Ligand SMILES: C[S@@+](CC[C@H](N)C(=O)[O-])C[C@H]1O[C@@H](n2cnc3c(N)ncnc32)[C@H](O)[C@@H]1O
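Take a look at this one chain, the form predicted on its own, written out in structure tokens.
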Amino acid sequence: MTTSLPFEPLAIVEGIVSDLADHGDGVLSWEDRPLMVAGVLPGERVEVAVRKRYRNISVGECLRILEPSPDRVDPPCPLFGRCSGCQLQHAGSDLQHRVKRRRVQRALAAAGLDERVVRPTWGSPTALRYRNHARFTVVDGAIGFMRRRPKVHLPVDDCLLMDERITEAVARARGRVDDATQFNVRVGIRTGERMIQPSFGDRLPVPSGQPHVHEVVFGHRFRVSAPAFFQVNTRAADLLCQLVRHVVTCGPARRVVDAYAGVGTFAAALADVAERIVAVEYSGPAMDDATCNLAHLGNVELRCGAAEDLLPDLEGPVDALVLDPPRRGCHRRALEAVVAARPACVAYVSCDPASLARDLRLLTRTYVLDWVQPVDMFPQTHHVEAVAALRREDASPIPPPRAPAPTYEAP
């Protein structure tokens, strides 16, 4: 076995990193196939130990950086490289933004769409300590994360992506959750509230088992229950609201449909610019939260059900439509209902470039795609959020968004 390596390499190779793959690994070439290596950057000359050969790719580990990229920075977290939760801590923010824009561009190009509509990435207001939610795995009483490769449990005392109140909860729980398998914490960045799930009774020196927390996004206060989805980056969620409002207000907004409403984030953000909003949500817990969060807004109507089931039965004209589906994207019947409703504009919010591109390919048979704005909701990782602006062919073009506005702190 080669010294200091926990495996016998198939080969030791030297090469230049040509690109970053969608999951954040660097791409080299070896034996006429891509060689994936974590922790390297485009343009770097590196020495790699080839670990395994698969049918279409090979996987290796970096032994040395022979010529570093000018975009390389010192990772702030001592666990980087051992914990696979962050893939890009060694890359400066400018490179991270370029990489994420390029990921969206590649997805659109693969779907036969014009990648030139993808704009430069908007950065997150904070690059560390931005996450309001963490799901930890507990193994033999140790709280931590599961590594991606190899798949093993890594105990974690502090994750620099998490709000410090999450880290404090982990410290308080250490040695007190031996029989648990999960330890989940959600905090209100702007309210200071904290929810720990599941309930641990009097075993913890801090309360646990709370049913919900409250958070403030775009100036609105939201109740968020334990099972409900909510954006993990509170301050960057303001940017999504800004972009969705920009798309919707570029045309008439007499009747707006929010097709995947969640706890009501976009419906609340649009309530002062739309005459009437129909908010559609399938999840029962999210619908309960939305009912609470939107009760004071007299122009919002809630409908519980799947978008693909309710959108085809919408009565009357729709001026604008918001799509914010799960990672897998929209059901085809939901997209067909969007086309049939003929809104003047559509704002499509997505956390997965591949499903976004797939759905845009169908929508652009009828609609014009004016632009796609990536947003770095998840700094230090390969993940990226994007908002696409579409319009009917007879509608005026939707101008590009202006620079991000300041974030909205708690009133």
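Since the model is a prediction, treat every value here as computed from it, not as a measurement. One-based numbering along the sequence shown.
Here the subject shifts to the form predicted in complex with this ligand, a form of this protein not shown in this document.
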Would all three of 283, 305 and 325 be in contact with this ligand in the predicted bound form, where contact means some heavy atom lies within 4.5 Å? yes
Just one of 218, 260, 136, 122 has a heavy atom within 4.5 angstroms of this ligand in the predicted bound form, so which one? 260
Here the chain is shown alone; which of 231, 293, 89, 242 has a heavy atom within 4.5 Å of this ligand in the predicted bound form? 231
For the chain shown here without its partner, which stretch in 102-110, 183-191, 149-157, 305-313 has non-hydrogen atoms within 4.5 angstroms of this ligand in the predicted bound form? 305-313
Taking heavy atoms only, is residue 96 within 4.5 angstroms of this ligand in the predicted bound form? no
Going through 353-375 from first to last, which residues have a non-hydrogen atom within 4.5 Å of this ligand in the predicted bound form? none
